[in-house]
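Encoded as structure tokens, the following chain is the form predicted on its own, with no partner shown.
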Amino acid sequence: MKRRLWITITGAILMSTLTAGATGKSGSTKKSSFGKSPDGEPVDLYVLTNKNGVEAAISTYGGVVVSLKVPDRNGKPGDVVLGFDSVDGYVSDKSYFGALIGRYGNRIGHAQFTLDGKTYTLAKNNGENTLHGGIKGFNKAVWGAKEIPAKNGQALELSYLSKDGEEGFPGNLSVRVVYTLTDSNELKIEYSATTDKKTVVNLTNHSYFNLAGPGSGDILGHVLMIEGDKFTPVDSGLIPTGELRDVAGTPFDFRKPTAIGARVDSDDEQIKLGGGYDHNFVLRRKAGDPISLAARVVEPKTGRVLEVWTTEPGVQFYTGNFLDGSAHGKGGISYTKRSALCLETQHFPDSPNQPKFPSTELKPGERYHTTTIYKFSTEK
């Protein structure tokens, strides 16, 4: 009787284990070749998958988020970021699809700034200004990569040494970026850096989102909320004037959920200067909160929801105004004007030349550290 009972219990445990193995899921990280850089360096692609089947593909070239596959309200997965099928597309890319941006995200006016009385001259790659780090920013670098443990998902650490004088910036800047795809369907990005000489730094990611999925048209029907009472108006070169302007009564008021297309073609002077939205919003923060909600986007047809959480003081909202259809991405899809949106968490543009803006200076012995989370869910 005892022996028969033991067999029954053992069989039940074995069946339970087999059932769990058949139905349960665990995350994984897979590495494969993605081609070579223009200098002949091997480029790898890491595909992170969480226990829910959500998938993030990240390239060591530019630290690019190549794809991000998340489910819609019916559980059907879809890629929600624009990009290319091979590294060659990113080599020739001028729109920063999915890339890590540095040393300085966004624009620096007249391609120069002054630190401790010394003026540093940068590369002009956006009219008279410097944009996203210069001619060869972090988006054109091959990053070192290694898988690292994560408590709640899969993590990849990328590293890069930006040498003193690169693109005109001072100091040897040692940069570390950790991508974590959590089991809560979040893509968490942690940026950190140290320097051996006083410098400026402003790191971000430039993913282009279309929550309806690839080839689904424009993002004008996406509904957006931004946690910002003010934005930074710009001049004709899209450099901030220094003013912090109230969003109330303007097309920049996204404090309540609003369709992106509702006012994107208004006669507002700032809208005309940007060709749509291409502006930094000043985020409202609760005292003591280490990380706060910056924006929330809903795509009504699929039910996909994107929340952006960050430790940064600003977010650049960009509606893909400069996409002109000349870039053909994954599956040959033509990326046309307003076919995606960007929500780039950041310090403010041109901060090195704007003493009233939050400082982007980094000194030897200090550690730059920021965190941004792109959190995905669905609603009916």
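The structure displayed is predicted, hence computed values, not measured ones. A residue's number is simply how far along the shown sequence it sits, counting from 1.
Separately, the form predicted in complex with a small molecule exists; it is not shown, and the next lines address it.
For the candidate spot formed by 207, 296 and 376, no residue has a non-hydrogen atom within 4.5 angstroms of the small molecule in the model of the complex.
Partner contact region in the model of the complex: 316 to 324, out of 329 to 337, 316 to 324, 30 to 38, 350 to 358, criterion any non-hydrogen atom within 4.5 Å of the small molecule. The partner is absent here; in the model of the complex, the one residue of 192, 95, 172, 216 having a heavy atom within 4.5 Å of the small molecule is 95. Screening 155, 238, 224, 283 for any heavy atom within 4.5 Å of the small molecule in the model of the complex leaves a single hit, 238.
Among heavy atoms of residue 130, none comes within 4.5 Å of the small molecule in the model of the complex. Contact check for residue 312: every heavy atom lies farther than 4.5 Å from the small molecule in the model of the complex. The small molecule in the model of the complex is approached by residue 107, whose closest heavy atom lies within 4.5 angstroms of it. Interface membership of residue 278, defined by any non-hydrogen atom within 4.5 Å of the small molecule in the model of the complex, is confirmed.
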